[in-house]
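Below, in structure tokens: the form predicted alone, a single chain.
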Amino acid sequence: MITNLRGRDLISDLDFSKEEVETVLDMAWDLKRKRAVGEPHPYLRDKVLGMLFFFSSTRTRCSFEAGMAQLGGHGAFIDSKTTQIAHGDTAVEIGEILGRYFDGIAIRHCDWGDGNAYINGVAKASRAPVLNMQCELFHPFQCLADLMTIMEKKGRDLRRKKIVVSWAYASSYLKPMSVPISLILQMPRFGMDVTLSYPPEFKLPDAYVEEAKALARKSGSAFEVVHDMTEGFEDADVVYAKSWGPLLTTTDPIEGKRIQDSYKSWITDAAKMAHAKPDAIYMHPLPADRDIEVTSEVMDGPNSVVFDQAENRLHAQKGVMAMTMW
């Protein structure tokens, strides 16, 4: 168990070592048990987390606010559009000032080419730990909850379990690629065989794919890229299929939508799930475009763990906050 997390930032998935992630998950499971039996756990009494949103959210805001309250502290919601952040406050000023007001700063900023740099700029100037609630490149708290859920369903030893991280069609908007990047970086460290599946226009940055391959080699697991959804599902223990934008092909939203709409057949349905193992679990960070990205039959079916996965956002985040903000 590694316990030297006080004051640490969590911006990239690899900011915490594998052993540190295991410690966070141990803490998360303990907090989940305490929550289940009504055992108070106010480890962050009188602490305040500033939660700065450049990008709207449901699960993220609710889970961080609830988590801080359950830990005895308070989550302060800040909308970038209705504060002076929209009129000149820089990342340095926000880091310097909010780092003095708050005991932790959490930021969600998903603008392509801006979000990650902004969060790192705040962290460099802040005396309080900075937590990445999602940027355009990483979604570390979602990935911790995903790992926690997979271990609950498949056991703590994930070596040679196969996860397919697949693109899926969604009609709503061009979504960030942070979830698949986080997954391909984190899961090989725990010995999972990773298959990354996407249409050619939806590639992820080469640097992160190469890093994922190196992590897989280190752990003795497999990493492959395919461009066929059904092929990716073959013999999978975990099916994680969601949409992301073709941002390395084009950043133009109209052209991106045209490309995206040409792959409407990339839907998670019962026929594709039949290619995975019979006890495979279906995962999605939500919200999903029902009957477009995934059929209701799959999402509400016996293989779906999406609501357990959503709950674990709360516990995983509490684990990190309790260990970094005390």
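These numbers come from a predicted model, not from an experiment. For every residue, the number given is its place in the sequence shown, counted from 1.
Only in words, not in the display: the form predicted together with a small molecule, which the text now covers.
A.B. asks: Of Ala271, Leu286, Ala69, Val48, which residue is found within 4.5 angstroms of the small molecule in the model of the complex when only non-hydrogen atoms are counted?
C.D. replies: After the contact test, the surviving option is Leu286.
A.B. asks: Which listed residue (Gln142, Gln186, Asn132, Ser197) meets the criterion of a heavy atom within 4.5 Å of the small molecule in the model of the complex?
C.D. replies: Exactly one residue meets the criterion: Gln142.
A.B. asks: Please pick out the stretch from 28 to 36, 290 to 298, 263 to 271, 54 to 62 that is in contact with the small molecule in the model of the complex, where contact means heavy atoms within 4.5 Å.
C.D. replies: Looking at the other structure, the answer is 54 to 62.
A.B. asks: At 4.5 Å between heavy atoms, is Lys318 in contact with the small molecule in the model of the complex?
C.D. replies: No, Lys318 is distant from the partner.
A.B. asks: So in the model of the complex, is the small molecule close enough to Arg108 to count as touching (4.5 Å, heavy atoms)?
C.D. replies: Arg108 belongs to the contact set for the small molecule.
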